[in-house]
Structure formats: C-alpha cells, structure tokens
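Coming up is one lone chain in structure tokens, specifically the form predicted on its own.
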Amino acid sequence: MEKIFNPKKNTWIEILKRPTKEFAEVESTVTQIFSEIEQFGDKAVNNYTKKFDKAELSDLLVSEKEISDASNLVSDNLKEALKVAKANISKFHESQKVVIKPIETTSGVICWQETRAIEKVGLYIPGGSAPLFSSVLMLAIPAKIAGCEEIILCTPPDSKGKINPAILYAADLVGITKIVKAGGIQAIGALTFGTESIAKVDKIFGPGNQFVTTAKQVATKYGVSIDMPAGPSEMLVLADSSAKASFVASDLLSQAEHGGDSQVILVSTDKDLIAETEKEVEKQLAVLSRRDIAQLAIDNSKLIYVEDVDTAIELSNEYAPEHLIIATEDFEKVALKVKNAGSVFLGNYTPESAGDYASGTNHTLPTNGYTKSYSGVNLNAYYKTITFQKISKEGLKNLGSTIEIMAAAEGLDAHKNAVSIRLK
C-alpha cells in the first residue's frame, strides 16, 4: 500500500483517484450489447452468457425444481443465519415507512402526498467467484415491503448453467419466484428492453462491476431508472491512536477481497498505527482464500497520515466513500462532521461486514464518489411519491387572486382563465 504523509489539499483529488476505467471506455461495449439484445432478445442474451460465463442454456428462467432442490444444498447453519439477517433487514426497512398527513396551506386548500410502489423492478445479484446471496435480501426485502407488483432477479450462472444454491434459497426465503440466468451487461440490457422471457422493468437495482455500473447508466437513456451508480467496492477507515491495527487491517481486507478493482484507504493521525496496520495487512492477507484478488486491490490502496482529525474528516468527505469506518476515541463527535458517505460504522467494535450481512442496514451503496449526491438503497427507492390537492369553493376564493396575478405576470392567459372562470 502506498504511504502518503501530510498531503497538500491541492493534491487530494489526484491521490484519491479510484482505479476504475473511464465511462467512455466501457460505454461502447455496453452500447453494442444493448443493440443486439434490443434486436434479438433471448438469443442475444444466451449468446453473451455463453461468451462471458461459458454456459449454454436451454432456458433463461430458473425452474421451480431448481429452487426447491437448492434448499437441500444449503447448510442448516447458513439457513439460520439468513433468517436472522432477514429479520433484522426487514425490521430496519419497515421502520422507514412514513405517513404524511394532509396539510391545509390556506383555508380551504388541502395538500398531501402519497406513495405508490414502482410496479416492475429488476434486481441484479453479482455471481462469479463470490456470489452475493446477501444482496438478494438487501434488494428483495424492501421491494416486498414496498409492494412492487413484479420483481425479477437476474444473476449469472456458472459454466454448467447452475445458480449458486444460496442465492436461490435466499430468493425463495423472501418470496422471489422469477429468477433469470443472466449476468453482466446482458442482464441489464434484458431488463432495459425486455425479451421473450424477461419483462422490461421500470427500475433496476443492484451492485456490480464497472461493466454492470456503466450498463445501468446507459439504461437510463432508454427510460429505465436505476437505484444509483454502484460499482467496485471501496472503504475509508478514519482512525486515531485508539484504534486497533488488527481490526483496521481486517476491515481493509474485507473490502479488498471483493475484487481487484476495489480500493481501501486508511487515514490516520497516528504514524505508529499506520506502520502496525501495514504489517497486519500483510499477515492477514497471507492466509486469505482470495489473497490474489485482495492483493490487487491492496496494490491500488493508500495509507495516509494527517496531523489532526478535522483534516482527516475533510479528506474523507472529499473522497466520499461507499463505506466509512470511524475508529477514533470521540467517534460520535467526529460522525457529526460526516457529509459524504454511503454507510458509516462507528467505533472499534462495528465491523463493516456487519452492515454487509445482518445488522439491518442496506449494503447496496453508491461508489466512486457518488455519495456526494446519491443515497444507498432504502425503502423510498422502491416508491414514487405523488402529490394530491383538494380545493373548496372558499379555498379558491382565498387563493385565486394570487394565482391570477402570478399567471398574468408570466403571460400565461389560459392559466389565469382556469381560475377566473371558476371565480365568476
């Protein structure tokens, strides 16, 4: 990991760059695949699944038998863990329901808003070397709570055309029945345009690599909304002398093992902690099953020393991390200064992996600096908000002249007449 001491502010943007490809580099590939899916549907999805996942499929949809068989392939311990996680995630997202009462803005003028669930949503679940069955819970549970009518889950198959049984069990646990064997750009394309087997959706959710992230962004050009740009995983740990090097190293590596294009950063006010953490990273890395992948991420990562916590939090806000761990003596005070972060973990005993799996918060979060303007997945992401208003005769008399004056000033006579004709 590169060590940097007291970087000047005018160098922050450069040293905090992510190790990702530029959007334009990936967009041409996405556009080509999208074009073929729009034209050829299932056939194009199958062709790209064969090309990228080495799987030849007779049917894109997972059968009921495959779903029921998966239960026998998942250990009882994992089943129980998933049930505990489901309960916590459900509890946290249920608490996000908000009822807004009607308000009388002027005597006789009543306004309110109501939510309606997005009808058709697509959930993307990464597969490959680390199938994220936990993402099934994170995306499907709020979709179910919100009341989305159609929920389609896409996830890549292995070379034998099989879906990881834990993904299928998790989907069954939360009541998802339509599961598509498709990953990457072709899955996002299928959800964007619809095919013979896959319905076009209104909004796409889920994390993924740079190609999936770019595909989601391109999908917005075709009238499909997305949760957020959520690409390669990243973390920033802000720590002082009260932090434990072994804890910090374990957290850094927990994100590094997601993929070679992940990035982790330690910003600390303690040079000794930086040195000890570097040693701990090497020690813990050596025994990881995904050490080769984690090593690639560690090579792109930084150890940064700054002189005070205020500078550290300012630097963190500039980086705008997906995950932020604050391991300082006065972490609650420091947390008040957080402006940009996807999810924040406070104190030495709050590992980021708690949020990834079972504490209850959602782990689908914006990356690549998008926490400056995007939020992580929450219940509201599955809703549309519609405003309503009801005006009585008396209410229109009270408000009418205000509307007439403003409409006339804008030169919109028909707007003014819509009120005037009623008042007469």
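Computed from a prediction, not measured in an experiment: that's the story for all the values here. Residue numbers run from 1 along the displayed sequence.
The same protein also has a form predicted in complex with a further copy of the same chain, omitted here; what follows describes it.
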item	value
Single option in 268, 328, 301, 343 placed near a further copy of the same chain in the model of the complex, where near means a heavy atom within 4.5 Å	343
In the model of the complex, the residue from 296, 306, 145, 111 that sits within 4.5 Å of a further copy of the same chain by heavy atoms	111
50, 152 and 211 all contacting a further copy of the same chain in the model of the complex, non-hydrogen atom within 4.5 Å	no
Contact segment among 187-195, 223-231, 152-160, 269-277, judged by heavy atoms lying within 4.5 Å of a further copy of the same chain in the model of the complex	223-231
Any non-hydrogen atom of residue 27 within 4.5 angstroms of a further copy of the same chain in the model of the complex	yes
a further copy of the same chain contact in the model of the complex: residue 130, any heavy atom under 4.5 Å	yes
Non-hydrogen atom contact residue 105 with a further copy of the same chain in the model of the complex at 4.5 angstroms	yes
Distance check, residue 403 to a further copy of the same chain in the model of the complex, heavy atom within 4.5 Å	yes
Partner contacts for 59-94, taking a further copy of the same chain in the model of the complex and a 4.5 Å heavy atom cut-off	77, 78, 81, 82, 84, 85, 88, 91, 92
